[in-house]
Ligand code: NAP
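In structure tokens, one chain follows: the form predicted on its own.
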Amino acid sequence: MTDRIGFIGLGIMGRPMALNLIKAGFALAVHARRAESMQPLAAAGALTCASPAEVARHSDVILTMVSDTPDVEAVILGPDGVIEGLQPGAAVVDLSTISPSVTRSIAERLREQGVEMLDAPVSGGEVGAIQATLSIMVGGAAPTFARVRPLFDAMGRNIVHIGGNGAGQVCKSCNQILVGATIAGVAEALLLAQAAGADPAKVREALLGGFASSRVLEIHGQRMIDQDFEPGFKARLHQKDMRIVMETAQELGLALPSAAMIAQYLNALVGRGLEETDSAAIYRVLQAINAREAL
């Protein structure tokens, strides 16, 4: 029997991901805090539900895609949450980016109910969600991963089972450190080029042909040259992710100086009211530090 699918959280990422599941032939029950967010899914044939618990009552596999750790806790464990409507043999898949330790705690609560959970945070931004090219990093039991794999295939391209519960979230934290540090490195390089009188566009072109080449240099480097920071991934969300990184580092007793620096850059962006810009606007923070341009 084909699993019935539930999807909770229909924001900038969740909506296109859910639509891709419908395009792949899956029948969906959906819920979002705002009724208007469910309309495109209803138009595509999804059953709309009044609560996460109602989604769970109609589903064998429930996927969640919400903003932060407290949101996931509320949606899964809170009043009218998924846990109140779970069916025997169900599975829960959290696609959000949240705390690894809280993920493990939620998974244990669900396991007490006879339900397995996967943490499966994604990378690739809104474009990747729309085009179904996301990278999906999965933690949880291998048989549950195999069961859910067809859903992942409908939403992403690079899908890796990392390990047990929480491992997917740890991998996403590693991703956010690397992305943030590379953004900062590209910003410093282009700022140096400009200050020294070299054409930043030509410098970027040259670097793209060598060992320094990266997707961040290709995409965000151009954003910096154009001063175009329309969001692909909002600074406030990257700030939240780096907070999770630093909290996890504290739990483990680790010093992560580069990660701490990225967190401070993002704090500066959000503190100046630029939380809705792309996190590539770290470039603007560096410009301000060097008195090249005010935030």
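All residue numbers are counted from 1 along the displayed sequence. All of these numbers come straight from a predicted model, not from anything done at the bench.
The next section is about a form of this same protein that is not shown, the form predicted together with the ligand.
Single option in Leu28, Val61, Val245, Leu237 placed near the ligand in the predicted bound form, where near means a heavy atom within 4.5 Å: So the residue touching the ligand in the predicted bound form, by this definition, is Leu237.
Contact residue in the predicted bound form, chosen from Ala263, Leu269, Ala46, Val66 - any heavy atom within 4.5 Å of the ligand: After the contact test, the surviving option is Val66.
Options 121-129, 156-164, 143-151, 192-200; stretch whose heavy atom lies within 4.5 Å of the ligand in the predicted bound form: Selected stretch: 121-129.
Is there a heavy atom of Met117 lying 4.5 Å or less from a heavy atom of the ligand in the predicted bound form? Residue-level check for Met117: no, no contact with the ligand.
Touches the ligand in the predicted bound form: Met13 (any heavy atom, 4.5 Å): Yes, Met13 lies within 4.5 Å of the ligand in the predicted bound form.
Contact between Thr103 and the ligand in the predicted bound form at 4.5 Å, heavy atoms? No, no contact at 4.5 Å.
Do Phe229 and the ligand share at least one heavy atom pair within 4.5 Å in the predicted bound form? Residue-level check for Phe229: no, no contact with the ligand.
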